[in-house]
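Taking the form predicted on its own, here's one chain by itself in structure tokens.
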């Protein structure tokens, strides 16, 4: 696969190869499977991030036709646990010795005739369901109570069921049941041309439209060996930072909502709204959709007046963040809430502001620069070590300052010229693309079929990674802090469920 160094291995060689990569300083990012030919055994691929500025590493193994199974790596590399369960549900692969061999994506009562991601599975056929009881982890103790919260929750929260085991207000265990809104987005890419695939990518998570479409476009461009024009690279940076800016401001406002700081909530959401209005004025889309395409941008953008509007807004944003950091009632609810240790963040696959708040200073914009980030001066990556809700808010506040700086640099150094180049899909090509979105790292792996159409698109979203990490911050906490803790993660269900 282009953009990664590749090893083709036998199934029994995979565990040792993964151990060797991690011993060399690499971090596993994801695993997925695909079927190169209908009716043929699947391939399983493992992606690892090496040290900054080094190529990604990809391990590939083809399973045999007699036994589609592998040894589970989840006991050694916990972050792979969900990816292996996803492959069990959607690709029909068995992972021997998995510590949690339960369905993840397909809930109880799902009956798929063949694995849904098998190319032979009909695109227009929904998985049939029958009513079956769902299983909960056993919990001993006469005083322990069980509270299923959701999947329909109050306010505007997306569908998710959080099952609490608790005594009084003390939470002993948190068991999330997600994927109620699984839409089969990866299946929907099959058979599409890249020009249509980008429209699907930017709708996976509405508030991460640029992150998903940018990672997808770069994966396609890598597969097709397409170099986009310089102006398009700078415009992509501008759009990505505009998306980060309104997301982080809305995040701060919503966090104030959970701490009952009503004035802070109103101010944060007003600033986020003003940023979205700027998006609409300068691009025609408040959520920055319909702008990117494989090969560049769909059309040129006139952002000449944006720096003036942004500089006018900048002092208001700075004053707002200073006020938050001096409001004791707000800080008191954030400090020590939902602590995530560095080890757990690393082992379980935390990403974005979540991992940086736990002491892991990695950011794809500087570690593996894309678009025009290599030509811009990026401030020091914000890192905190406390790993609590306050640290996660502080990281995002510093990222707001970084985003404004990067956005102004991109606008001031914007070259003239075309914004798109012709792209020709190559039969059988494969490519990897990535983007550091507002919630963390987003990866796309694309595989083309013999006709130059998409045969398989794997999406690694930030919320999928961070939802796996989140329960570790809930155990042994209390009910009063739960809403604050969840808000401090800035999760989306759409990005996780896909």
Partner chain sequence: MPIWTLFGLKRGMATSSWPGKEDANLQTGVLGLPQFQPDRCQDGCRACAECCLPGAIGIEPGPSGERLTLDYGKCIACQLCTEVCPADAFRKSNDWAFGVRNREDLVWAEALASRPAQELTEKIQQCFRRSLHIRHVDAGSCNGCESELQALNNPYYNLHRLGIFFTPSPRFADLLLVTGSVTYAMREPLLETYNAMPEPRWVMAMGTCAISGGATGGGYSCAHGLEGILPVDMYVPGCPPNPAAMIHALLVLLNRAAQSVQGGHYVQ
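Remember, predicted model here, so these are calculated numbers, not experimental data. Numbering follows the first chain given and starts at 1.
What follows is about the form predicted in complex with its partner chain, which we do not show.
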Whether 47, 358 and 452 all lie within 4.5 angstroms of its partner chain in the predicted complex by heavy atom: no
Contact segment among 283 to 291, 210 to 218, 364 to 372, 331 to 339, judged by heavy atoms lying within 4.5 Å of its partner chain in the predicted complex: 283 to 291
Residue among 152, 144, 427, 136 with a heavy atom within 4.5 Å of its partner chain in the predicted complex: 152
Sole residue of 81, 116, 387, 253 within 4.5 Å of its partner chain in the predicted complex, by heavy atom: 116
Close approach of residue 206 to its partner chain in the predicted complex, 4.5 Å, heavy atom: yes
Partner proximity in the predicted complex: residue 494 to its partner chain, non-hydrogen atom cutoff 4.5 Å: yes
Contact label in the predicted complex: residue 102 to its partner chain, heavy atom within 4.5 Å: no
Contact label in the predicted complex: residue 316 to its partner chain, heavy atom within 4.5 Å: yes
Heavy atom contacts to its partner chain in the predicted complex at 4.5 Å, residues of 316 to 349 in sequence order: 316, 319, 320, 323, 324, 326, 327, 329
